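What follows is one chain in C-alpha cells, specifically the form predicted on its own.
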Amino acid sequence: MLKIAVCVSGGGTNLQAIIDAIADGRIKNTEIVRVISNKKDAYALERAAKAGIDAVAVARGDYPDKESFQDALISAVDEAAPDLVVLAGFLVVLPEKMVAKYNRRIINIHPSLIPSFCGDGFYGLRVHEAALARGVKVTGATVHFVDEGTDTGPIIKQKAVEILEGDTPEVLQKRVMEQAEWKILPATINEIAAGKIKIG
C-alpha cells in the first residue's frame, strides 16, 4: 500500500481528483495518510475532513520565523510517514532539507508544459495569463519530481491542452484542470503504486 501525504494551499481540486480516483479504483493500492495545508481556511481541509482523512494546517503566521515554520512543516510530513509526498497546488517553497530527506519521493503538478511558463512567480492564474499573453496555441500540465529548484525536477508526465479563441485565464485554468491535471496526477500516483515509476 502506497501511503501518500498531499500538500495543498487552496481549494484542493487536485486533492479531490486523487480522492475520487482512489474511490473509483483508478488509483489502486494507495491511501492518503494526511493532508497538509499552509492555510487554515483552505477548502482542501474540508475536502479531507469529508473524506475522513487526517488533515493539519501549518500556517507561517503561527511561527516566529521561517526556520521554525519549515521545521513544523517537515514534522507534519514526518509524522504521517508517507512513501510519497504530493504537492497539489502547494504555494510554499519547500525547505532544502525536506527535499533532500524525501529525495525523489516528492512530486508536483504544474499547470503548463514545462519548461514553458514555470519557475519563480508562475503559479495559479499567473501561468494561464502568461500563456495567453504570449499567444501560444497549446498549453497543458506537467507532473514532475521536486528538486531544489522551482519546477526544475525530472518530468514524469505531461498532457497538452488546446488554447481556444476567446479564452480567459479562468476558462483556460478550468480546461487545463479538467483535461490534464485531474488525469495525469492520479495516473502518475497509480503508476508509482504499481511500481511502474520508481521513487526514492
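The model shown is predicted, which means the values in this text are computed figures rather than measured ones. Don't overthink the numbering: it's just position in the shown sequence, from 1.
Keep in mind the form predicted together with glycinamide ribonucleotide (GAR) is missing from the figure; the text below concerns it.
- Checked against glycinamide ribonucleotide (GAR) in the predicted complex, the residues I109, I106, V77, L94 give one hit for a heavy atom within 4.5 Å, which is I109.
- Heavy atoms of M177 reach within 4.5 Å of glycinamide ribonucleotide (GAR) in the predicted complex, making it an interface residue.
- In the predicted complex, glycinamide ribonucleotide (GAR) sits beyond 4.5 Å of every heavy atom of L73.
- Taking the partner from elsewhere, G12 is found to have a heavy atom lying within 4.5 Å of glycinamide ribonucleotide (GAR) in the predicted complex.
- Looking at G89, you'd find a heavy atom of it within 4.5 angstroms of glycinamide ribonucleotide (GAR) in the predicted complex.
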